[in-house]
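Consider the single chain below, provided in structure tokens and representing the form predicted on its own.
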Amino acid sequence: MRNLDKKLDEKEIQSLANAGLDISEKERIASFLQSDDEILISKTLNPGVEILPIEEALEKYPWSSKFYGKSFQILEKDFPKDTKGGYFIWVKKGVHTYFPIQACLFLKKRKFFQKVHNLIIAEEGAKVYIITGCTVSYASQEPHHLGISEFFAKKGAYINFTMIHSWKEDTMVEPESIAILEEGATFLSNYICLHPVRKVSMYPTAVLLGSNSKARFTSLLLASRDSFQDIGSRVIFRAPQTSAEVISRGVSTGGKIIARGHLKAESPQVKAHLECRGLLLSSQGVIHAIPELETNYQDVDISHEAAIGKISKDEIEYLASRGLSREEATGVIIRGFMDTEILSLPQVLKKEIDNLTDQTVKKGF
């Protein structure tokens, strides 16, 4: 990423790395970076993948406008139209990517309200990994981020989307995303938020329109003191022989977590499971699990499981007997609880996410 240091200083570039941005681009096939409302990077190394600022894409590819806002129309929802910036990702028919596409949305100015609209289209039979990071500069004050993302997975397409949030204590965050799946399509969404944030509120939705399509939402959350995380995932089944999982892992060290999940079967022959597990490590913290299962059909298999607890004294004492301090023992247990195996990541990404998670847990304990 040449000349990036002319726009951002060393500490800000490190913030981007903490949010999953690979500055070297050695293991990325496309990159996008927006700072406030300025596009700093937009390029691809694969002819089967297009990545552009959204306004440029709508002008270059007039056909893309039919997808802009389409997912919200399907759900009969309104969305903010006064956005500026965001990315357009188009993975062409039959293209399979091994290295991921990366995108990052950065907040730098004081009290800046970033409102972006992202559009991701995977054509028939395409397979793509995407890692996005959202973060802020140390110099920002009371920033606000609103990100709209629309995903369209055509017949047999596969989208694996990982979002890493690395905010500050004064940041307000409101992502809103909808994924539309055609026949045989797969959408995997991984969300990781391990840093302090004033408030993040999100309820991404997947709509399964085609038979044999499947979705999976996974969240790893760490809420420190004064942080508020209202994180949900919803799957709507509108075709038979569809399936989904919603999995949440939340740890509160003094903050509040609301873990929502909603499985709505509007068709028979649906199989889905919702799972929420929480660890409460402080009497000042709160974890509230809100599972919802909804259907008018008998021929469905939908279930949910929720458990909230604390670290047992026996676990701490066992690790202490092996020479660890209480803080080190707690970190080891939290790291095991935040098992990245559930994210279904390729090895090239898993190693990075493991490192980021390890660093955060060590700092927190």
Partner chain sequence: MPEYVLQVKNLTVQANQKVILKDINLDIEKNSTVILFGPNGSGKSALIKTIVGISGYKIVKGDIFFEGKSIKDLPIHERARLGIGIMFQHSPKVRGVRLEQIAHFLTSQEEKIKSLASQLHLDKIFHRELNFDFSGGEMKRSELFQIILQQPKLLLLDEPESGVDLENISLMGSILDSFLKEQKPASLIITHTGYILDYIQATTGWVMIDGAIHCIGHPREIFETIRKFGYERYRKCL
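The shown structure was predicted, so the numbers you read here are calculated from the model rather than taken from an experiment. Residue numbers count along the first chain shown, from 1.
Keep in mind that the form predicted together with its partner chain is not shown, yet the notes after this line are about it.
The closest non-hydrogen atom of residue 43 lies beyond 4.5 Å of its partner chain in the predicted complex. Although the partner is absent here, residue 297 lies well away from its partner chain in the predicted complex, with no heavy atom inside 4.5 Å. Taking non-hydrogen atoms only, residue 325 approaches its partner chain to within 4.5 angstroms in the predicted complex.
Residue contact check for residue 319: one or more of its heavy atoms lie within 4.5 Å of its partner chain in the predicted complex. With the partner omitted from this view, the residue of 29, 58, 302, 332 that lies near its partner chain in the predicted complex is 332 [heavy atom within 4.5 Å].
Residues with any non-hydrogen atom within 4.5 angstroms of its partner chain in the predicted complex fall in just one of 43 to 51, 66 to 74, 307 to 315, 29 to 37: 307 to 315. Residues from 277 to 293 that approach its partner chain in the predicted complex with a non-hydrogen atom closer than or equal to 4.5 Å are 277, 279, in the order they occur in the chain.
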